[in-house]
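Encoded as structure tokens, the following chain is the form predicted on its own, with no partner shown.
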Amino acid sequence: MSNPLTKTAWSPYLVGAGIGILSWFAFATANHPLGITSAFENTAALAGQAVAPSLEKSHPYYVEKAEQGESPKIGWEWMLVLGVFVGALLSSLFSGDRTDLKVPPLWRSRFGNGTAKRLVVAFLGGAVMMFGARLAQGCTSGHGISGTLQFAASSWLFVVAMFAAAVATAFLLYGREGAKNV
């Protein structure tokens, strides 16, 4: 029997069941759905408090969050972000799947070898995704996992729109010819 920690990929059915159990555990212990982008929102809010402490009492964001009992803090969502990072790092190290590749072949075929361009676009893409997630009041984990598990109509609508936007963006960036370079 092979060591599952050394595999580069696991069964999607096993992983799906694991995510379902984790989601149930989050509801049972923290009475809160899984979500990651709130941790980034809290980090930005905490940075704002550190730079301008007077905003906490006057800025509508902080006032509204305090009224809801959700003042920015380093909570379990922040620990989830840390756990995802550490888990991904350990998985790549144990499986030997970690490389120094900075420009994937598909990107190189369409946009060239520029590492700086690749990193800037990746950062901007992440920033746009984060903005969209906060605008929608949830990300792929918040809506896509926790919301769909609760049969929330808004989450199902989000997931359909998210996949449609992802497919359209991939075709816009890489076209049909991009599939030959995957």
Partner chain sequence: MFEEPIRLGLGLLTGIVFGFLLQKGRVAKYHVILGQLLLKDWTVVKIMGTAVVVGSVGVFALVDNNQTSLHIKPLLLGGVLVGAVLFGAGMAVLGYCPGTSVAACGEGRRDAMVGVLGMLVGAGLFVALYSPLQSLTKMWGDHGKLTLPELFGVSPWLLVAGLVAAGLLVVWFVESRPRRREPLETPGTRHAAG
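Model, not experiment: these values are computed from the prediction. Numbering follows the first chain given and starts at 1.
Absent from the display: the form predicted together with the partner chain. The rest refers to it.
- Within this chain, residue 52 is remote from the site of the partner chain in the predicted bound form, having no heavy atom within 4.5 Å.
- In the predicted bound form, at least one heavy atom of residue 29 sits within 4.5 Å of the partner chain.
- In the predicted bound form, the partner chain lies farther than 4.5 Å from every heavy atom of residue 66.
- Taking the partner from elsewhere, residue 41 is found to have a heavy atom lying within 4.5 Å of the partner chain in the predicted bound form.
- Residues of 31-66 that come within 4.5 Å of the partner chain in the predicted bound form, judged by any heavy atom, are 31, 32, 33, 34, 36, 37, 40, 41, 43, 44, 45, 46, 59, 60, 61, 62, 64, 65 in sequence order.
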